[in-house]
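Just one chain is shown here, as structure tokens, and it is the form predicted on its own.
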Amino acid sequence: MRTTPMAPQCGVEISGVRLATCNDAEMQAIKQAIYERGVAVFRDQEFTPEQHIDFAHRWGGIDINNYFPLQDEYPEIAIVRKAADQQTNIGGAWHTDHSYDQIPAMGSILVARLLPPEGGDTLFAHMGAAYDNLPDELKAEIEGLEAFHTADHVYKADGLYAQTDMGRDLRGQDMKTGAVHPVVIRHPVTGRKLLYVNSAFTIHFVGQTREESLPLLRRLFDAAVGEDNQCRVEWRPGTVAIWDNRTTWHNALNDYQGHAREMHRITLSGEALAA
């Protein structure tokens, strides 16, 4: 098994391993690489839905997605798709999945099933690098802060997606979400400090209004996506990407109008976050 960094701070490409049949030592090395680098990419994988699910269970629990379409035979697998006639894609802005849950999902295993001729890459940004690069005075300013996260403005019946041509495909419009998390968390495995806010779901700091929170939030959002923190996943047939939601943000680029794209995602259960 060989690992090649994708960028100085974020991402690793792992070759010489078959995910569907990897042994325990390989599995442990894969997990550690993802916890540290945020996202790992595997090429030329053969992954049936059953193998996708079995592999996910080796991480622990599976969170069933509340919003995306699910595979009829395999409800553990969420379908992330955009039809050729749709303009809007899912995840087409910087975010980290499930920060609006009391116990956010650990990460995801995403399998490429149908790709456009070109485009549709995914950007990732490393929140450990983002935190490390903050000025000392800004680190001091956010020490001990907590923030409120919700997805209601995105997925509810009159939310952002409902106003686009993606709204017809989504579920869960009647759900209510909301969670409070530290602005700076420690990774439960590596112990590294991570910036834990995101521009899609973080609304305000606890004890402040949205308006009062925005100046500082915008500084953090801008710092999070500095070019030095990023890597880019180029999708090809047979590609699987696994990422850690605590360690990364991601952004699915919507640059393939007129073409369909379909990915199959399993969301991995997480644990409570701590400062």
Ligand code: SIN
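The first residue of the sequence shown is number 1, and the count goes up from there. Just so you know, these numbers come straight off a predicted model, no measurement behind them.
The next section is about a form of this same protein that is not shown, the form predicted in complex with the ligand.
Although the ligand is omitted here, in the model of the complex all of 95, 110 and 263 have a heavy atom within 4.5 Å of it. In the model of the complex, the ligand sits within 4.5 Å of a heavy atom belonging to residue 243. In the model of the complex, residue 252 approaches the ligand with a heavy atom inside 4.5 Å. A residue is said to contact a partner when one of its heavy atoms sits within 4.5 Å of a partner heavy atom; residue 221 fails this definition for the ligand in the model of the complex, lying far away. By the criterion of a heavy atom within 4.5 Å, residue 116 is excluded from the residues contacting the ligand in the model of the complex. Partner contact region in the model of the complex: 244 to 252, out of 42 to 50, 208 to 216, 224 to 232, 244 to 252, criterion any non-hydrogen atom within 4.5 Å of the ligand. Among 189, 134, 90, 200, the residue placing a heavy atom within 4.5 Å of the ligand in the model of the complex is 90. Of the listed positions (184, 170, 160, 80), a single one reaches within 4.5 angstroms of the ligand by any non-hydrogen atom in the model of the complex, namely 80.
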